[in-house]
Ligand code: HEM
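For reference, the chain that follows is the form predicted alone, supplied as structure tokens.
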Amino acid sequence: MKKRSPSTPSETPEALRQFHLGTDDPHPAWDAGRAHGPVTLSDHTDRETMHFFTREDVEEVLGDETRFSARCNQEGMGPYMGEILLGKDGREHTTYRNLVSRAFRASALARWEEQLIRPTIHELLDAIAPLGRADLVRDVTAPYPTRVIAAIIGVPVEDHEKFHTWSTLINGGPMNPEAGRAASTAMREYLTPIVEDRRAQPREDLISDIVHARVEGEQLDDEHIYGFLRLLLPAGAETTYREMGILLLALMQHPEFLDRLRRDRSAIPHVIEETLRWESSAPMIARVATRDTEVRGCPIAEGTRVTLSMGSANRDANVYPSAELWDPSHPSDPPHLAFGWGRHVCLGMHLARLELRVGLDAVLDRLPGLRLDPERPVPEIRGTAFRGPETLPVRFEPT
């Protein structure tokens, strides 16, 4: 195998030298990375990290937890979330994942679709349908998954705005530690009486399941309980609301396909998968090398932090034709990496797909003539760690 070496900063193309968390558009850097190969860059803390950009590299790292551990996610997000599933490996990861996975099994999702998800999206659309104009991020896509995950977990749905705010600040903790820690404390103080109530009086919700779950005969301690909840609320809302904004924006920028989809809803699942491939709302993930190793000839020393750009891998022209284009005629094989790969594949991916499918179907029904507001600036998909449009001003026919 041909040996590769990660570029040093002086050898790195300009687009990659400027690449850092918080940039509005990482695609120029990702394009350069796929063409150039692995690079070593400094992140916002000036810590050096090796970056991989191609589908083959990303898939290899994510698929081998014996060489690449997820524990760096605990180090990065632990100060804001506590003990989290994303930072565990091996048997420990499997054990803790099984505690919450029952809430996302097929039978549970079918029940949530009719009892919770569909009523939630229609309630939000009821409020804007007569108006003829709205900001879909503010009025629909942001509150929709937040309300859903709040109900599944077992916290008051009417407090969804608090959860949305806390989730955003906790996820942004590495960039703004003071705000992240404050949001983490506020969420725990809010959740404490609810957790204590479920200890005394269990209900049919995820908090009750977690509080009374046992791992190898022992009940979870508070750090794991609140860690789960601080992870599930942000993870269950942040990524889905951003992805739904991306989905709706892509459709409105392709009005001919939006009209076709109104007439034939059978293409909705494929449109969702193409959108996830084209623009993932959470396009990056980190690992750390557990020993001296290599990835397709590129040497990596033990302890090296590795950042994987799934958003870049999903646009790898060696895998997908015309990969930079949003095009529902693209084949769906091989599957995209928007939900990760290997043991840590996203626990909530089936819930996310369900929310996107039900949400899009309802928007097509309830907002005839949906189009971008011509009097407002065209929305942009922005961000690196999390991507999506911040606003989505639209017009439609009042109903």
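One rule holds for the numbers: they count along the sequence shown, beginning at 1. All values reported here derive from a predicted model rather than from experimental measurement.
Same protein, other form: the form predicted in complex with protoporphyrin IX containing FE, not shown, and the subject of what follows.
Student: So protoporphyrin IX containing FE isn't shown here. In the predicted complex, which residue out of Pro143, Gly236, Gly245, Gly311 has a non-hydrogen atom within 4.5 Å of it?
Tutor: It is Gly236 that has a heavy atom within 4.5 Å of the partner.
Student: Of Ala250, Ala129, Val288, Ala282, which one comes within 4.5 Å of protoporphyrin IX containing FE in the predicted complex, counting heavy atoms only?
Tutor: Result of the distance check: Ala282.
Student: Checking a candidate spot here: are His93, Ala338 and Glu355 all in contact with protoporphyrin IX containing FE in the predicted complex (at least one heavy atom each within 4.5 Å)?
Tutor: Heavy-atom distance to protoporphyrin IX containing FE in the predicted complex: all three under 4.5 Å.
Student: Quick check for you: of 84 to 92, 325 to 333, 165 to 173, 178 to 186, which stretch puts a non-hydrogen atom within 4.5 Å of protoporphyrin IX containing FE in the predicted complex?
Tutor: One stretch meets the cut-off, namely 84 to 92.
Student: Would Arg366 show up as a contact with protoporphyrin IX containing FE in the predicted complex if we use heavy atoms at 4.5 Å?
Tutor: Result no; Arg366 lies far from protoporphyrin IX containing FE in the predicted complex.
Student: Is there a non-hydrogen atom of Arg343 within 4.5 angstroms of a non-hydrogen atom of protoporphyrin IX containing FE in the predicted complex?
Tutor: The answer is yes: Arg343 has a heavy atom within 4.5 Å of protoporphyrin IX containing FE.
Student: I'd like to check something about Arg97: if you look in the predicted complex, is any of its heavy atoms closer than or equal to 4.5 Å to a heavy atom of protoporphyrin IX containing FE?
Tutor: Heavy-atom contact with protoporphyrin IX containing FE at 4.5 Å: present for Arg97.
Student: Taking any heavy atom pair closer than or equal to 4.5 Å as contact, tell me whether Leu347 reaches protoporphyrin IX containing FE in the predicted complex.
Tutor: Yes - in the predicted complex, heavy atoms of Leu347 and protoporphyrin IX containing FE come within 4.5 Å of each other.
Student: Residue by residue through 291 to 310, which ones have a non-hydrogen atom no more than 4.5 angstroms from protoporphyrin IX containing FE in the predicted complex?
Tutor: Going through 291 to 310 in order - heavy atoms within 4.5 Å of protoporphyrin IX containing FE in the predicted complex - there are no hits.
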